Structure formats: structure tokens, C-alpha cells
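Given next are two forms of a protein chain, the same chain in both, each as C-alpha cells and marked structure 1 or structure 2.
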Structure 1
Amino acid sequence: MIAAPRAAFERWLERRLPAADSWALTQRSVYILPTRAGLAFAATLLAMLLASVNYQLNLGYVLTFLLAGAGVVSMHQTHGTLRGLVLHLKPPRPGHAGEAATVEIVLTNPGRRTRHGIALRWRQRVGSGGFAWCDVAAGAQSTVQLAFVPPQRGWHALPTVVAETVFPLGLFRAWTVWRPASRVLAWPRPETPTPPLPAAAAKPGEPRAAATEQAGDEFDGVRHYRRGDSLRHIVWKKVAQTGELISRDARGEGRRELWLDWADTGGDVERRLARLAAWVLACERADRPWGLRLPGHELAPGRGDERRRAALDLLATWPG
């Protein structure tokens, strides 16, 4: 019975909040209420005041109003800890579906005093993320990281963020709610274990026999190190993974092309995309050039982080 009104309230709040990647905390956007400790503190003060009135205790009056003043100062400081801060979201980096994507938020303190005990969290409980705490020095910035786990590939809107504090005495809780505008792109989850790569094919116009020529321990563009090989031809990424010296076979690499083709995969769309993603990552780990073919789309053979990201972006946004 409570879930439906709560969901309606959440939708109303989402519509009310403007989406932006920067959020300046002002008097109107910071809210404050007493905590349970604050309510207990107020009840104690009330009891002390009644006792002082009944028994005409001057010392009781002094102590009661002294503690009440401390409470008022605490309320002002708690609200002031957030008021004036500026939150800024860095562009989220893409990741694979099902894996935690790190979202970085920069807190800027333009004031002349340090702000302590600021916590950030997602408003809805998502993934394994919890509170991220920080202090922000006067005139400085602090960066906090929140983990977001996209459940499937594609674009995902970030949940709303709550920034709050109970500093200094824990009697009041001040908070604000912020709706980031940026979205996170989730790449397909790669198939595991990585399936074997398809065979490289001859370049158009190359003799087939030459294109498929393999000798000894050579295979598809890389081979074991031989005395006299140039250091420029050693695949250091492969060496770091296997502990063996691997050289790039420039001759074979120049005559063959490795295509990661949609037609070489099977199953539904998600299974095909998962296999292609696994192949892309395997080629990059081996530092091999590769091309990608999808129905109506083609990425020419090449390698490198930019090409890997372009391919994974294409797979992430593939209709299905």
C-alpha cells in the first residue's frame, strides 16, 4: 500500500528536478530536518526547562538555554556545510553491462572554511554502491566516486544523487537531491570463455595460397620470437600476458585480414553481440589488426583503443 504512493512521489520528484551536470546548492535547494538524536535532544531540553520552572532552578535555566543555543548553532552549521557547494559530474566512461561503472563527481567549495562530513549516494539503491564520504577544503575541490552497474547494454540514465551531512553534532540532517543529465553507455557483456577467433582471409586480389601460408609456429600475424627480430616487432602486450617473446609477422599480417563478421556468429542478437565483443577484446589483447562487419555497417581493419571503443559503441547501440 505504501509502494504505490512512494513510486508516485518519486516520479513527481523526478519531473520537478531539472537535469543538469552541474548543481549549485543554494538556500532553496538544501533541505534540513532534525535527526532522531536531534529529537531526543529537544525532548531533553524540554524536560530540563520544565524542571527548571517547577523548581525555580537558575542554574537549570542557564544550562537549558546554553544547550538550546548550541543546538541552533549546530542547525546553522549543518545547513551551511552544503549551502554554496557546487557539484559537477565528469563525463561517465562506458563499461560492460553487469560491471560497475565508476561515476566521478567533483565538489567545489568556493567558501573560506573547510566543509566536513559530506556524503554522496544514489537516491535509489542500485548495484553495490553506498555512501561516499569526503571533506572539501576552503577554495578547493574534492572528487568522490560512485559505482553504477548497468543491467544490460545500451544507454542508461543515471539515478538521482543525494548529497547530505549531519556535521557537526548529528542533531540535524541537511540534504539535496540532484538529477544528472549525462548517461552511461554499457557495452555488451563479452562471451566467456572467449571463443576461438575466425580464420583470417586473403585480401582481395591476393593469391589465396599466399594468404593462407603458415609455416612452423607462425599464425595469423604473430609468431614466436626468432633471433634477429627487431624489438619494434615484438608484441609487448602479448609478452606481458604469456611471459614468452612474441613477434609480429609483418609479412603474413600484410597479406591477410581478420574480419569479425556477424555472419560467423549464431543465436539471438544478444549472443551474437556478446561473441563479437569477446572477439574484439581478444584481438586487442593480442595486438592484432581486425575488421568488423555488421549488417549494413563495416569497420575497416585496424587496431588500437579508438577502434576498440568505436566497435564496442556500435555493438552497444545495435538495435535488438
Structure 2
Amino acid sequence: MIAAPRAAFERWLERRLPAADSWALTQRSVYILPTRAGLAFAATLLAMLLASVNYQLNLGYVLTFLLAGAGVVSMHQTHGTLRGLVLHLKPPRPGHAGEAATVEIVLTNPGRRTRHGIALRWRQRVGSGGFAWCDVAAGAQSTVQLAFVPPQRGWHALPTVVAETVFPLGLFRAWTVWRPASRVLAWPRPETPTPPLPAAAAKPGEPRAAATEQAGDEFDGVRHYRRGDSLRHIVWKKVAQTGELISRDARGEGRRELWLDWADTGGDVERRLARLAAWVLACERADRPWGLRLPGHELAPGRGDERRRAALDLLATWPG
């Protein structure tokens, strides 16, 4: 019963926030309220005032009013800790769904005083994400990292960020709510364990059969060491992994192409994408050229970081 209006309120609140990658904290965007400790402090002051009145302690008045003055000043200081600060979101790097993507926020302090004890967190508690604390020195920048775990592949708007502080006395809490504009792209969660790669196909124009008969249970392009293989052909990386001597198949290399094909996968779209993603990663790990074929899309064979990202981006945004 309570949850529905509250959720509606949250939605309304988020809608009225402008989305921006830079968020300058001004009078308008910094809110402040006393904390529970602040209320307790007020109660303490009241008790002290009553004691001063009743025992006619002029020094008691002095003390009470001194603390009251410090409390009022601390309100301004708490507000001032945030006011003027500029938050900036670094373009978020994509990550796999279900894995924590690190979102970096740069805090710029244009003022002439160090700002202490600023905490950043997601507005809605997502996962175990807690506070990230930082101080920002005068005229300097600090970077704070927040972990964001995208639940599934695709583009995700970042959750709203709350920057808050209770510095210096903890009597007031000043905070701002910021909706970053940048979205984060989540690649499909790769299938685990990594499924075996599909068989390599002969280059166009070569008989396909020749390739398949060689395949057997070996990885394409590599095979068990045979006596007479040149040492240069041994894949030392694999040797380290498996403990067995593996040779590069001289015939496979350069002649055959590995196509990661939508058609070779099964199940629903997500399963297919997960498998393709796992294959892309496996190929990159094995340092093998690969091509990706999706219905209506083709990435020509090749390898490298950029291609991997292009492929994963394509998989992430694949409709369905």
C-alpha cells in the first residue's frame, strides 16, 4: 500500500531531474536537513539551557550558546561542503551483464578550502553498493568509483547518484541527487563454462570437407604434438594451460577460417548471444582470428581488442 505511492514519488522525482553528465552543485540542487544526531544535539542544548536557567549559571549560558553558534555555523559548513562542487561522470566503460561495471565520477572542487567527508552512493541501494568516501582538496579533483551491476545485456541508464556529507559536526546532512545522462552498455553474460568452439571452415573456394575431417576432438588450428613438429609451432600458451604439448597445425593456419555463426547456436536469443559472446572471448584468449555472423550482419574475420568490442557491442544491442 505504501510502496506504490512511494515508487510513484520516486519516479516523479527522477523524471524532474535533468539528466546530465556534469552536475554543478548550487543552492538549488543541495538540500539540507538535520540528522538524528543533530536533533539529539538540540535536545542536549535544551537540557543544558534548562540547567543553566535553573542553577543560574552564566557560564552555562555561555557554553550553551557557544555550542548553538557552532551548530548553526556547522549547518553552513555542511551545505558549503557540497555547494560549488562539480560532479562529472567519466564515460562509463561497458562490461558484461551481471558483472560489476566501475563507474568513475570526478569531483572538482573550485573552492579555496578542502572539502572533507563526501560520500557518493547510488540513490536506490543496488546490490551491496555502499558509500564511497572522498575528500577533495582545494582547487583539485578526486575520483570516486561506484560499482554498477547491469542485470542484463543492453543499454542501461545509470541509477541516480546521491552525493552527501555530514561534515563537520554530523548535525546536518546535506545531499544532492544527480541523474547521470550517460548510459552504460552491458555485453551479454558469456556462457560458462566456455562451450567448445565451432569447427573452422575452409576459406571460400576450398573444399570444406578437408577441414572437417581434420577437426576431430582437437581445437581447430592446433593439434597434439607429433614427433617432427618444429619447436616454433608449439603453442606454449596452451602448454602452460594444459600441460600437454600442443602444436600449431600448419595446414590449418592461414587456410581455414573460424566463423562464430548464429546458425551454430541453439536455444532462445539470449542463450545464443551468450554462447557467441563466450566464443568471441575464447577466441581472443586463444589469440585466434574469428568472424562473426549474425542474421543480416557479418563481421569479417580478424582479431584484436577493437573487433572484440565491436562484436560484443553488436551482441549487446542485438534486438530480442
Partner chain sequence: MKPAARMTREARDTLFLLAVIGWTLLPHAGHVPVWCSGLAAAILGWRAWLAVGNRPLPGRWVLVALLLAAGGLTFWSERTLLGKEAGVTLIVVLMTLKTLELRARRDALVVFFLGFFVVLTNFLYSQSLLVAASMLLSVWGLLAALVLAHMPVGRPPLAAAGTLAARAALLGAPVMVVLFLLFPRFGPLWGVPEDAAGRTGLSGTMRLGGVASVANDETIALRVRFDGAPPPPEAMYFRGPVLGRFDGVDWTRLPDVPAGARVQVLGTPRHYEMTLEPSRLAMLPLLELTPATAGPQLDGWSLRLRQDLQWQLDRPLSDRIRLQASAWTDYRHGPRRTTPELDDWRRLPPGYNPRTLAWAQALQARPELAGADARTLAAALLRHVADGGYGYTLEPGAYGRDAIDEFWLDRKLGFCEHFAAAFVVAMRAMGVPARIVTGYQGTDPAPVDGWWIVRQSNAHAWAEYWQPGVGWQRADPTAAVAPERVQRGRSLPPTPGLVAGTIGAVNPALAARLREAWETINNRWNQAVLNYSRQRQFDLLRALGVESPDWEDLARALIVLAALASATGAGWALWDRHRQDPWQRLQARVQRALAARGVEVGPQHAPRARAERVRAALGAAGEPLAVELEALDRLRYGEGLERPARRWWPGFAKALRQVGRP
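What you see is a predicted model; the values in this text were computed from it and never measured. Residue numbering: structure 1 sequence, from 1. Take the two forms, superpose them, and find the largest set of C-alpha atoms that agree within 1.5 Å; that set is the rigid core.
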| query | finding |
| --- | --- |
| Identity of the form predicted together with its partner chain among structures 1 and 2 | 2 |
| After fitting the core, residue 242 CA displacement of 2 Å or more between the two structures | yes |
